[in-house]
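This document opens with one chain alone, in C-alpha coordinates, the form predicted on its own.
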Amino acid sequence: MIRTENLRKIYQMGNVEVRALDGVDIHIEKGEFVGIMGPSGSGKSTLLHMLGLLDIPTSGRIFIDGTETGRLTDYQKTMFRLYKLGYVFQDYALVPELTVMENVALPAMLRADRTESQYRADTVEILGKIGLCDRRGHLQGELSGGQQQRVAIARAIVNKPDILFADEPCANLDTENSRMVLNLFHEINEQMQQTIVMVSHEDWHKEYFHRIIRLRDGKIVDGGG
(Lines give C-alpha, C1' and ligand atoms only; values in the text may rest on other atoms or scores of the structure.)
Protein backbone atom coordinates (compact mmCIF):
# COMPACT_ATOMS: atom_id res chain seq x y z
CA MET A 1 0.00 0.00 0.00
CA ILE A 2 2.75 2.51 1.04
CA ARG A 3 6.46 2.09 0.45
CA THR A 4 9.36 4.54 0.62
CA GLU A 5 12.93 4.18 -0.59
CA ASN A 6 15.73 6.22 0.99
CA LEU A 7 13.42 9.16 1.69
CA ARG A 8 15.19 12.41 2.63
CA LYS A 9 14.03 15.91 3.48
CA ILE A 10 16.70 18.54 4.02
CA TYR A 11 16.05 22.13 5.07
CA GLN A 12 18.64 24.89 4.79
CA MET A 13 18.54 27.14 7.86
CA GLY A 14 21.10 29.83 7.01
CA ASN A 15 24.41 27.96 6.87
CA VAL A 16 23.01 24.96 8.73
CA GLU A 17 21.66 21.88 6.95
CA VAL A 18 18.78 20.26 8.86
CA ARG A 19 18.05 16.66 7.92
CA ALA A 20 14.38 16.32 8.88
CA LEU A 21 14.30 12.87 7.22
CA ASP A 22 17.52 11.01 6.61
CA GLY A 23 17.17 7.87 4.49
CA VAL A 24 13.76 6.56 5.58
CA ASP A 25 12.56 3.17 4.30
CA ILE A 26 9.09 2.02 5.39
CA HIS A 27 6.40 -0.38 4.23
CA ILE A 28 2.74 -0.17 5.30
CA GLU A 29 0.18 -2.81 4.30
CA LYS A 30 -3.43 -2.18 3.33
CA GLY A 31 -5.72 -2.19 6.38
CA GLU A 32 -2.97 -1.45 8.91
CA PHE A 33 -3.43 1.13 11.67
CA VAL A 34 0.13 2.42 12.04
CA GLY A 35 1.41 4.92 14.60
CA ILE A 36 4.37 7.18 13.89
CA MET A 37 6.05 8.05 17.19
CA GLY A 38 9.24 9.63 18.44
CA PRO A 39 10.55 12.65 20.36
CA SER A 40 9.84 16.23 19.31
CA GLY A 41 11.80 17.11 16.19
CA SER A 42 12.32 13.51 15.16
CA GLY A 43 10.61 13.98 11.77
CA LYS A 44 7.15 12.50 12.48
CA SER A 45 5.02 15.21 10.88
CA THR A 46 7.55 15.69 8.08
CA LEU A 47 7.22 12.00 7.19
CA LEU A 48 3.42 12.17 7.30
CA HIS A 49 3.40 15.23 5.03
CA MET A 50 5.66 13.43 2.54
CA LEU A 51 3.47 10.32 2.53
CA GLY A 52 0.32 12.42 2.17
CA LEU A 53 1.78 14.35 -0.82
CA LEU A 54 1.50 17.60 1.12
CA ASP A 55 5.23 18.26 0.75
CA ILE A 56 7.99 17.19 -1.64
CA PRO A 57 10.99 15.12 -0.51
CA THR A 58 14.50 16.31 -1.25
CA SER A 59 15.29 12.85 -2.59
CA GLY A 60 14.05 9.27 -2.44
CA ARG A 61 10.86 7.66 -3.73
CA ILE A 62 7.32 7.14 -2.42
CA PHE A 63 5.02 4.47 -3.80
CA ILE A 64 1.31 4.42 -2.92
CA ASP A 65 -0.78 1.55 -4.21
CA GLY A 66 1.84 0.89 -6.89
CA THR A 67 2.08 4.51 -8.08
CA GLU A 68 5.42 6.29 -7.82
CA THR A 69 4.06 9.63 -6.62
CA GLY A 70 7.17 11.63 -7.54
CA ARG A 71 6.33 11.10 -11.20
CA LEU A 72 2.91 12.75 -10.89
CA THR A 73 2.27 16.31 -12.09
CA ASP A 74 0.87 18.85 -9.63
CA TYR A 75 -2.62 18.34 -11.10
CA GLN A 76 -2.29 14.55 -10.88
CA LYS A 77 -1.20 14.86 -7.24
CA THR A 78 -4.25 17.01 -6.50
CA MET A 79 -6.54 14.39 -8.04
CA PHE A 80 -4.65 11.58 -6.28
CA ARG A 81 -5.20 13.30 -2.92
CA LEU A 82 -8.88 13.96 -3.67
CA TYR A 83 -9.70 10.41 -4.75
CA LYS A 84 -7.35 8.28 -2.65
CA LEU A 85 -6.24 10.14 0.50
CA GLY A 86 -7.93 11.65 3.56
CA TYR A 87 -6.44 13.98 6.18
CA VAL A 88 -7.14 14.83 9.83
CA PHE A 89 -5.14 17.59 11.52
CA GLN A 90 -4.80 18.62 15.15
CA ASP A 91 -6.42 22.04 14.53
CA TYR A 92 -9.56 20.51 12.87
CA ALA A 93 -9.24 22.85 9.81
CA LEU A 94 -13.02 23.24 9.46
CA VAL A 95 -14.58 26.14 7.54
CA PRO A 96 -16.29 28.21 10.27
CA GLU A 97 -18.91 29.70 7.93
CA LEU A 98 -20.14 26.26 6.85
CA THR A 99 -22.45 23.91 8.73
CA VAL A 100 -21.37 20.47 9.88
CA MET A 101 -23.17 18.96 6.87
CA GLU A 102 -21.45 21.34 4.44
CA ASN A 103 -17.99 20.83 5.97
CA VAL A 104 -18.26 17.06 5.70
CA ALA A 105 -19.67 17.15 2.16
CA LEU A 106 -17.02 19.54 0.83
CA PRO A 107 -14.47 16.96 -0.48
CA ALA A 108 -17.24 14.84 -2.04
CA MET A 109 -18.64 17.90 -3.83
CA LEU A 110 -15.30 18.35 -5.59
CA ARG A 111 -15.37 14.91 -7.19
CA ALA A 112 -16.66 14.64 -10.75
CA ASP A 113 -18.01 11.13 -10.15
CA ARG A 114 -20.46 12.15 -7.39
CA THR A 115 -23.93 13.55 -7.98
CA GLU A 116 -25.51 15.85 -5.40
CA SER A 117 -27.83 13.08 -4.20
CA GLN A 118 -24.86 10.71 -3.81
CA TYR A 119 -22.67 13.05 -1.80
CA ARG A 120 -25.59 14.10 0.39
CA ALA A 121 -26.40 10.45 1.10
CA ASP A 122 -22.73 9.68 1.81
CA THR A 123 -22.49 12.67 4.15
CA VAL A 124 -25.58 11.67 6.14
CA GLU A 125 -24.27 8.10 6.38
CA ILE A 126 -20.88 9.25 7.74
CA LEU A 127 -22.50 11.67 10.20
CA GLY A 128 -24.58 8.75 11.44
CA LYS A 129 -21.42 6.70 11.99
CA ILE A 130 -19.85 9.43 14.14
CA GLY A 131 -23.08 10.19 16.03
CA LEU A 132 -23.52 13.78 14.86
CA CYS A 133 -26.56 13.65 12.57
CA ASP A 134 -28.46 15.81 15.05
CA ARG A 135 -25.76 18.52 14.77
CA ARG A 136 -25.57 18.66 10.98
CA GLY A 137 -27.07 22.15 10.77
CA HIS A 138 -24.71 23.61 13.40
CA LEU A 139 -21.65 25.78 12.80
CA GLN A 140 -18.15 25.02 14.07
CA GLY A 141 -18.46 27.55 16.90
CA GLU A 142 -21.45 25.65 18.30
CA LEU A 143 -19.48 22.41 18.73
CA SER A 144 -17.11 21.14 21.41
CA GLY A 145 -13.50 20.33 20.53
CA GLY A 146 -14.26 16.62 20.45
CA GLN A 147 -17.26 17.16 18.17
CA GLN A 148 -15.19 19.35 15.84
CA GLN A 149 -12.55 16.64 15.51
CA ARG A 150 -15.21 14.03 14.78
CA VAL A 151 -16.54 16.30 12.01
CA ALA A 152 -12.98 16.58 10.66
CA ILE A 153 -12.72 12.78 10.63
CA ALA A 154 -16.07 12.48 8.85
CA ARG A 155 -14.90 14.96 6.22
CA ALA A 156 -11.68 12.95 5.78
CA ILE A 157 -13.49 9.66 5.15
CA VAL A 158 -16.59 10.83 3.20
CA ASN A 159 -14.79 10.03 -0.07
CA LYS A 160 -13.89 6.55 1.24
CA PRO A 161 -10.14 7.15 0.74
CA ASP A 162 -7.64 4.32 0.47
CA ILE A 163 -5.51 5.88 3.22
CA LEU A 164 -6.34 8.18 6.14
CA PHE A 165 -3.48 10.36 7.46
CA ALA A 166 -3.84 11.89 10.93
CA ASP A 167 -1.32 14.37 12.33
CA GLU A 168 -1.63 14.39 16.14
CA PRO A 169 -5.45 14.50 15.94
CA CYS A 170 -5.80 14.38 19.74
CA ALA A 171 -3.28 17.13 20.55
CA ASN A 172 -5.98 19.68 21.50
CA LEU A 173 -8.31 17.22 23.23
CA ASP A 174 -8.62 15.96 26.79
CA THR A 175 -8.24 12.26 27.56
CA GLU A 176 -11.97 11.49 27.30
CA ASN A 177 -12.34 13.09 23.87
CA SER A 178 -9.01 11.65 22.74
CA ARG A 179 -10.24 8.15 23.54
CA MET A 180 -13.51 8.88 21.71
CA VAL A 181 -11.53 9.88 18.59
CA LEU A 182 -9.23 6.85 18.81
CA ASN A 183 -12.19 4.52 19.32
CA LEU A 184 -13.70 6.01 16.17
CA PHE A 185 -10.44 5.39 14.28
CA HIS A 186 -10.47 1.80 15.58
CA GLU A 187 -14.05 1.28 14.35
CA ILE A 188 -13.25 2.79 10.94
CA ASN A 189 -10.18 0.57 10.66
CA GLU A 190 -12.05 -2.58 11.67
CA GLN A 191 -15.35 -2.05 9.84
CA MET A 192 -14.09 -0.36 6.66
CA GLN A 193 -10.62 -1.96 6.50
CA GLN A 194 -9.36 1.61 6.42
CA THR A 195 -5.58 2.05 6.29
CA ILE A 196 -4.67 4.69 8.90
CA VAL A 197 -1.29 6.35 9.48
CA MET A 198 -1.28 8.51 12.60
CA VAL A 199 1.38 10.70 14.22
CA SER A 200 1.24 10.68 18.02
CA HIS A 201 3.41 11.68 20.97
CA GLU A 202 1.18 10.09 23.65
CA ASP A 203 2.49 6.74 24.88
CA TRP A 204 -0.98 5.38 25.77
CA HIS A 205 -2.14 5.75 22.16
CA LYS A 206 0.02 2.76 21.19
CA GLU A 207 -2.66 0.36 22.48
CA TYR A 208 -4.68 1.27 19.37
CA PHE A 209 -1.94 0.73 16.79
CA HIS A 210 -1.20 -2.51 14.97
CA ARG A 211 2.40 -1.37 14.63
CA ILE A 212 4.57 1.60 15.57
CA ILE A 213 7.18 3.26 13.38
CA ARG A 214 9.65 5.02 15.68
CA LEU A 215 11.76 7.93 14.50
CA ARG A 216 14.73 9.69 16.02
CA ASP A 217 16.74 12.46 14.35
CA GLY A 218 15.04 11.78 11.02
CA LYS A 219 15.89 8.08 10.99
CA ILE A 220 13.80 4.96 11.57
CA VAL A 221 14.89 3.26 14.79
CA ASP A 222 12.14 0.62 14.91
CA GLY A 223 9.14 -0.71 13.00
CA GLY A 224 9.81 0.37 9.44
CA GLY A 225 8.25 -2.82 8.12
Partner chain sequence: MGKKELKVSLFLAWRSLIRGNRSSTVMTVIIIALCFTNMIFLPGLFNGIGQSITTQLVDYEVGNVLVSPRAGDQYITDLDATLDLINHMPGVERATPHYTRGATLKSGDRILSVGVRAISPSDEKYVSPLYTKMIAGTYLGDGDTGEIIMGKTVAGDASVRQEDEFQPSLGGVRIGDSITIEYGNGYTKDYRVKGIYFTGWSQADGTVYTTMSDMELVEGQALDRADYITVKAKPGYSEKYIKDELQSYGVSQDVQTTSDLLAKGMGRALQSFAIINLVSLIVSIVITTVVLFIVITIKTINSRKQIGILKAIGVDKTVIMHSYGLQVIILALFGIIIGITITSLLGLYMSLHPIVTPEWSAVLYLTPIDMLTNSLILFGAAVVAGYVPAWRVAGEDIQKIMRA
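Positions refer to the first chain, counted from 1. Just so you know, these numbers come straight off a predicted model, no measurement behind them.
Although it is not shown, the form predicted together with its partner chain is what the next lines describe.
**Q** Taking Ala171, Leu173 and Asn183 together, does each of them reach its partner chain in the predicted complex with some heavy atom inside 4.5 Å?
**A** Zero of three within 4.5 Å in the predicted complex.
**Q** Specify the contacting stretch among 23-31, 193-201, 48-56, 62-70, defined as having any heavy atom within 4.5 Å of its partner chain in the predicted complex.
**A** Result for this chain: 48-56.
**Q** With the partner left out of view, is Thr78 within 4.5 angstroms of its partner chain in the predicted complex by any non-hydrogen atom?
**A** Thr78 belongs to the contact set for its partner chain.
**Q** Taking heavy atoms only, is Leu132 within 4.5 angstroms of its partner chain in the predicted complex?
**A** Because no heavy atom of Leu132 falls inside 4.5 Å of its partner chain in the predicted complex, the answer is no.
**Q** Examine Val124 and determine whether its closest non-hydrogen atom to its partner chain in the predicted complex is within 4.5 angstroms.
**A** No.
**Q** Whether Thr99 contacts its partner chain in the predicted complex should be assessed with a 4.5 Å heavy atom distance threshold; does it?
**A** Yes, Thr99 lies within 4.5 Å of its partner chain in the predicted complex.
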